[in-house]
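One chain comes next, on its own, written as structure tokens: the form predicted on its own.
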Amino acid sequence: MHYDLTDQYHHRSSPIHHLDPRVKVVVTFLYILALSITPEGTWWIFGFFLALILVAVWLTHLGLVFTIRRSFIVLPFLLAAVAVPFTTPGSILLRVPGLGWTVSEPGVVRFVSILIRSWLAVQAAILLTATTRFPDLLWALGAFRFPKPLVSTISFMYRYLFVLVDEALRMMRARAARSAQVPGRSRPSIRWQGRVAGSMVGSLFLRALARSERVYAAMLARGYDGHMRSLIRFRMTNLDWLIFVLAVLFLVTPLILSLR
């Protein structure tokens, strides 16, 4: 293997790392669900949820800016909501001169709420993957009776993604060996490079399909019957139940207060 595709797990000796993966999966799901149903513009609840994330990160000994620094990956995806301030009806907050566009106050509140929700949800997902090994996550999904084909597909993707990347690296190495660079000549056009890249993607798909058949045949020869067996077993402890109950209380209480 010429490429390292280790997951985002960061080993620490912390209470969060030692929690049952089922607790972490459920709490993360409830956290994201609580964010999605938080009323727009209730900034104190968003601040409270941010404080919860920071406290959890502090307990993991990963550093307070661990999730914040990695969560900015969500910003490019928010371009899909950039039109919300211009299309939401309400009191006009700003007019764009020369274009006739208007920015409404409810639209700005909705856009900022979407931004905060997405940003905090990504932080929760990052914290989950940083404190839980990927096989443990798959075990937790199986324990919750997720569809077995879905869990198996995710497991195979995790186990054999490096095979696909290694195949792509071999193709790129072969292309480099057959593409000598002549000093003084200009680089090929973008159209030519795009055509070559498209051909490589198609060839990679065919090679990956053939490679997957060989991998599957090797698994059948070693006793694979459609079920991924594991020696991992977890049991809920008193600490797991305590953390679960406290997390539910901290997530539900501010939502109840906001409805009053």
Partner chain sequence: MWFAPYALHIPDGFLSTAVSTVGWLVALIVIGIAIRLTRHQLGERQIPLMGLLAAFIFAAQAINFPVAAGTSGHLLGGTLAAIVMGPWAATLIMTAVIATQGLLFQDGGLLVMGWNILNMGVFTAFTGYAVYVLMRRLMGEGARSRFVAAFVGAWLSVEVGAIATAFELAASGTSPLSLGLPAMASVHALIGLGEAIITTGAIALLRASRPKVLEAGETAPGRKGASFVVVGLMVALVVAILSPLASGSPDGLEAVAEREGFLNRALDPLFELLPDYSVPFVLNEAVTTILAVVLGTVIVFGVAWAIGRATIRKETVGE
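Treat the numbers as computed from the prediction; the structure is a model and nothing was measured. Throughout, rigid core stands for the largest set of C-alpha atoms superposing within 1.5 Å between the two forms. Residue numbers count along the first chain shown, from 1.
We do not show the form predicted together with the partner chain, though everything after this point is about it.
Undergrad: Select, from the options 56 to 64, 43 to 51, 209 to 217, 231 to 239, the stretch whose residues sit within 4.5 angstroms of the partner chain in the predicted complex by heavy atom distance.
TA: Looking at the partner contacts, the answer comes out as 209 to 217.
Undergrad: Though only this chain appears here, would residue 102 touch the partner chain in the predicted complex if you measure heavy atom gaps against 4.5 Å?
TA: Heavy-atom contact with the partner chain at 4.5 Å: absent for residue 102.
Undergrad: Can you check whether residue 74 is within 4.5 Å of the partner chain in the predicted complex, heavy atom basis?
TA: The answer is yes: residue 74 has a heavy atom within 4.5 Å of the partner chain.
Undergrad: Please determine whether residue 97 contacts the partner chain in the predicted complex, using a 4.5 Å cut-off between heavy atoms.
TA: No, residue 97 sits far enough from the partner chain in the predicted complex that none of its heavy atoms falls within 4.5 Å.
Undergrad: Can you tell me whether residue 197 touches the partner chain? I mean in the predicted complex, with a 4.5 angstroms heavy atom cut-off.
TA: Heavy-atom contact with the partner chain at 4.5 Å: present for residue 197.
Undergrad: Ok, 112, 143, 93, 78: which has a heavy atom sitting within 4.5 Å of the partner chain in the predicted complex?
TA: Flagged contact: 78.
Undergrad: So which residues in 148 to 169, when you check the partner chain in the predicted complex, have a heavy atom no farther than 4.5 Å from it?
TA: Sequence-ordered list: 149, 150, 152, 153, 154, 156, 157, 158, 160, 161, 164, 165, 168, 169.
Undergrad: Hey, does residue 69 budge by 2 Å or more at the Cα between this form and the one not shown once the core is superposed?
TA: Not so; residue 69 is displaced by less than 2 Å.
Undergrad: Classify residue 219 as shifted (yes) or not shifted (no) between this form and the one not shown, where shifted means its C-alpha moves by 2 Å or more with the rigid core superposed.
TA: Shift at residue 219: 2 Å or more after core fit.
Undergrad: For residue 196, is the C-alpha shift between this form and the one not shown 2 Å or more after core superposition?
TA: Comparing the forms between this form and the one not shown, which are aligned on their rigid core, residue 196 does shift its C-alpha by 2 Å or more.
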